[in-house]
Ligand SMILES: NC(=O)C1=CN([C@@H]2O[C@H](COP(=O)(O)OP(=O)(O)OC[C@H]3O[C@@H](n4cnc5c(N)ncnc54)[C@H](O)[C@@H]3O)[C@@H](O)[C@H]2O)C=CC1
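So this first bit is one chain, no partners, the form predicted alone, shown in structure tokens.
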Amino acid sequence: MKERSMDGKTIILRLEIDTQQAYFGKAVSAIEAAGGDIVAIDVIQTDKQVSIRDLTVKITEAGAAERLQAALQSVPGIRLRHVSDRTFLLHLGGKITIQPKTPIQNRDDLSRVYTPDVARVCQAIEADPKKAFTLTIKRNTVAVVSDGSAVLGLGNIGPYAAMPVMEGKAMLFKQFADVDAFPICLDTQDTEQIIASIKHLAPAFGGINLEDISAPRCFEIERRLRDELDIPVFHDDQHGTAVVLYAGLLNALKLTKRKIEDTRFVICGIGAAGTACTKMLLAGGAKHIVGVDREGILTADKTYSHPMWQWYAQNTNEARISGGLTEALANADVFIGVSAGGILTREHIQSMAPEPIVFAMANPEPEIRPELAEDIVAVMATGRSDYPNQINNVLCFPGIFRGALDSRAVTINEQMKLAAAEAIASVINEDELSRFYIIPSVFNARVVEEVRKRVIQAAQDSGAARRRPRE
């Protein structure tokens, strides 16, 4: 089996071919031998002496880009003038921009959008600050805030390197839910400074999406901001993962004819996402949960320095099971992994109850590859887009914030999150439901609207809404 990288990528090669020494077919052969797949060819210049072409090449094998360049450089008459990664080209100058809603074409337009007429609008908001929701961008704007301390699987890479991810998040908000989101990367990892910075920024925004902030600081930052601001604050790494997991789980339990209150869960990786997933399960009625982290099974018989682990131990594992992952999984119904790649084995799964459900969500490498367990699981889900049943936060945060903004909610509470999960699950009807289809595609147009509607209703029912939106 060929070694694969975590994700394929596309590069563009600009080749200068001396037609007296070489021909195009040699370049093609060298690229294919090095593991490249040519998907497009553009002729830039050609004459009797030189042919210049741009080749778009897809590579999926680890090290293929380096082998490919070396192979081309070894062919007499072929000069590799430039290599461009299409992903990097897409990011040049950033991925988002700001456009005015109305053009400024004359002095009258200028006076109304700016001075002097804008002063009247300022005075109206001064007299009634709530009018900021109707007279400014606040009503439809979310701040995507990170300190760069836990970005994707890259770790603490800092605020500058975090910007491409936050820009991408802003794009998703706009495309899927028409929410205007703006990336804000703070050059501090001090909890108090982060809280103060976001509070100072809050007047301009209708919601705060916390992103890629490491545990345990993320818990304190979100809790304090939720208490001190009157707009929704949502840490997507925690709650987005939990909502989409719970949506997939609802359908997996339905498929295997299980009731959540009778189901035995093992959560591996008790960080931000693992804790949020557990709280969502508890809110949904789960009673039998065992958490496992690097020190083994969390149990109330021990004392932990990590405050979230202490809470976890006191609120789960009522049977006081001890040991590690092997002991936790014996006769368990569901494995939920938000930990590290490759830690789950076939033997682990075979020790579980009949028709086991496995959510191996570590990225980029899942706890176990689906092809290694497909014949022994009832349902398998991962966090990757190249396997069925991807647990992807994009399924929830656009619709949740769309509903929260439209209802002018003061918070995003458990009722709203449960409603969002149920909405995502409901997009798949019983006739469509299968072991390979328990969660809808992020491109399913029904998802955002279903989530929005149910979140609005839950916000109204729970008292979090400040307005009833018009349909």
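In this text, rigid core is short for the largest set of C-alphas that superpose within 1.5 Å between two forms. Start at 1 and count along the sequence shown; that's the residue number. Model, not experiment: these values are computed from the prediction.
One more form of this protein, predicted in complex with the named molecule, exists but is not displayed; see below.
(request) Report yes if any heavy atom of residue 316 sits within 4.5 Å of a heavy atom of the named molecule in the model of the complex; otherwise report no. (result) No, no contact at 4.5 Å.
(message) With the partner left out here, check for me: in the model of the complex, does some heavy atom of residue 150 sit within 4.5 Å of the named molecule?
(response) Close contact exists here: in the model of the complex, residue 150 approaches the named molecule to within 4.5 Å, heavy atoms only.
(message) Within 4.5 Å, heavy atoms only: does residue 309 come near the named molecule in the model of the complex?
(response) Judged by the heavy-atom cut-off of 4.5 Å, residue 309 is in contact with the named molecule in the model of the complex.
(request) Evaluate residue 293 for contact with the named molecule in the model of the complex, applying a 4.5 angstroms cut-off between non-hydrogen atoms, and reply yes or no. (result) The answer is yes: residue 293 has a heavy atom within 4.5 Å of the named molecule.
(request) Please pick, from 144, 252, 268, 358, the one residue with any non-hydrogen atom lying within 4.5 angstroms of the named molecule in the model of the complex. (result) Only one listed residue qualifies here, and that residue is 268.
(request) Tell me, out of 353, 186, 343, 201, which residue has a non-hydrogen atom within 4.5 angstroms of the named molecule in the model of the complex. (result) None of the other options qualify; the answer is 343.
(message) I need the one stretch from 234-242, 191-199, 221-229, 135-143 whose residues put non-hydrogen atoms within 4.5 angstroms of the named molecule in the model of the complex.
(response) Of the options, only 234-242 has residues within 4.5 Å of the partner.
(message) Using a 4.5 Å heavy atom cutoff, which residues in 372-392 contact the named molecule in the model of the complex? It's fine if the answer is none.
(response) Going through 372-392 in order - heavy atoms within 4.5 Å of the named molecule in the model of the complex - the hits are 383, 391, 392.
(request) Superpose on the rigid core, then tell me if the C-alpha of residue 363 is displaced by 2 angstroms or more between this form and the one not shown. (result) Yes; that C-alpha moves by at least 2 Å between this form and the one not shown.
(message) With both forms fitted on the core, check whether the Cα of residue 294 differs by 2 Å or more between this form and the one not shown.
(response) Indeed, residue 294 is displaced by 2 Å or more.
(message) Aligned on the rigid core, do the two forms place the Cα of residue 326 2 Å or more apart, comparing between this form and the one not shown?
(response) Result for residue 326: yes, a 2 Å-plus shift.
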